[in-house]
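Read the single chain below, which is given as structure tokens and is the form predicted alone.
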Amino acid sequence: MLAGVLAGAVALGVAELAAAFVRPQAAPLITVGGAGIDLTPEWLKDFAIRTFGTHDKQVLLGGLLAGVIVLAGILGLVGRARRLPAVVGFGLFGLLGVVAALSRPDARPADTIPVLVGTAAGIAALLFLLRAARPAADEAGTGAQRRVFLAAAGGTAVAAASAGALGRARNARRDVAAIRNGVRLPRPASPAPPLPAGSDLRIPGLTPFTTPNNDFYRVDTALVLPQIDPAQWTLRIHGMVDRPVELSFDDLLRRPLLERDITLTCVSNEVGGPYAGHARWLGVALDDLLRSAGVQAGADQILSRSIDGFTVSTPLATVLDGRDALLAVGMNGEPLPVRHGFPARMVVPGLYGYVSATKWVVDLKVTRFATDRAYWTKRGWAADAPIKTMARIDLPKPLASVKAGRVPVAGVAWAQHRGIEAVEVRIDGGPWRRARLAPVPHTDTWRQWVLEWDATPGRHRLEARAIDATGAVQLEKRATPYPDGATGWHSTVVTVT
């Protein structure tokens, strides 16, 4: 069994080293993991996000690694009796890796090299270890043979670890963090006004109005963060346009930059979930970019593409209706963090991220929904996904124990591009009471709210609902995020002592 495990480690280590010379996305665990994400049913994706949150990718890769170790160990046991089935098993693993590599949306023929090289190294290591583990003819030779095998196993383990370490070291040199730190963004031609006094209620435990970059939620399909040098980045605008456009990062920064406060929400967010965040974004007006290319009649979609091949479909009308849709380059006063799309991403207020917020964007195709479909819409998610009205209770925390007396019930509410008109709270199914709302700069941001509750001893159920500026009340009926966003009133239970 140990021979198979070590051979599997060699295969992965050598493949990671080879991928460092091709590109990190070509490592077998990444390509197989990406293919697995594509094939995962929606209910299982929702479960993974609910259960593991932003750690879902680490769980996936850890599960794949554990699976490889187990299966390689089994092949090692098989190989002790018969070499050929074990070699064929490793070869089938390699074939699976090749298929996975070629299935990626940004696949290149060279992406098969790491898995082929890794498979060959794994088979060679397996045969070497099995030969070293051959039983001795007599008892005296058994001890010597064991020492030979342990020496061979130790050398193989060192080789596997060294290959993986060299691959990671080479990949580290591709990290664009230092380049990002050197980027100096121009001052905005249209700066955002200061936030209204009192927009952050500053209640301990309440979500802050502006989300720090390190705390901003991340939900995407990228198992490896794209490392893009802005000097080599270009944006292509094409399709149903009169004048196709290609812009460099410097070209983008020479255009007038807008600074806007915009709250984003992920469609995977459950009622009361954490996948919403607010930031002050800096970028170029998307409608100006599109109009400079000359949008043709009949177009109704922007199909945007990330550098890793991921695609997003955005209703064209929402970008051209006057809202502050941006091709963003900055976030909260600094260049975009790599995990949030450096050097450029889309930000369209009022739409869930899966139809609006493409990170690491390199391509905008003006097209029609009848012609092109994006990653999530191919999987049955809605093509047009305006963010639903939602209130979330942040305080008191679920199942908290609080002292009797005046207790703040507080949270945030959002209905981007419509705005929040009111938030109502009720205790134990009693009458609805209006919460106090904090001021906001405009309708594209979330809004903090608080209700002072005279809490009495016992166990109590708290519920909240929001009313948007159109007068629409947050839906009571619970629905899962699929296919166009969760609904339902958020509630929590607390104990008052």
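We number the residues from 1 along the sequence you see. Just so you know, these numbers come straight off a predicted model, no measurement behind them.
One more form of this protein should be noted, the form predicted in complex with a small molecule, which is absent from this view; the next part is about it.
Proximity to the small molecule in the predicted bound form, taken as heavy atoms within 4.5 Å, picks out 345 to 353 from the listed stretches 178 to 186, 345 to 353, 423 to 431, 250 to 258.
Just one of Leu282, Ala357, Leu364, Ala415 comes within 4.5 Å of the small molecule in the predicted bound form, counting any heavy atom, and that one is Ala357. The partner is absent here, but in the predicted bound form a heavy atom of Leu264, alone among Leu264, Ala328, Leu126, Ala72, sits within 4.5 Å of the small molecule.
Using a 4.5 Å cutoff between non-hydrogen atoms, Arg218 counts as a contact of the small molecule in the predicted bound form. At the 4.5 Å threshold, heavy atoms of His340 reach the small molecule in the predicted bound form. Though the partner is left out of this view, Phe310 does reach within 4.5 Å of the small molecule in the predicted bound form, counting heavy atoms only. The small molecule in the predicted bound form is not approached by Thr377, whose heavy atoms all lie more than 4.5 angstroms from it.
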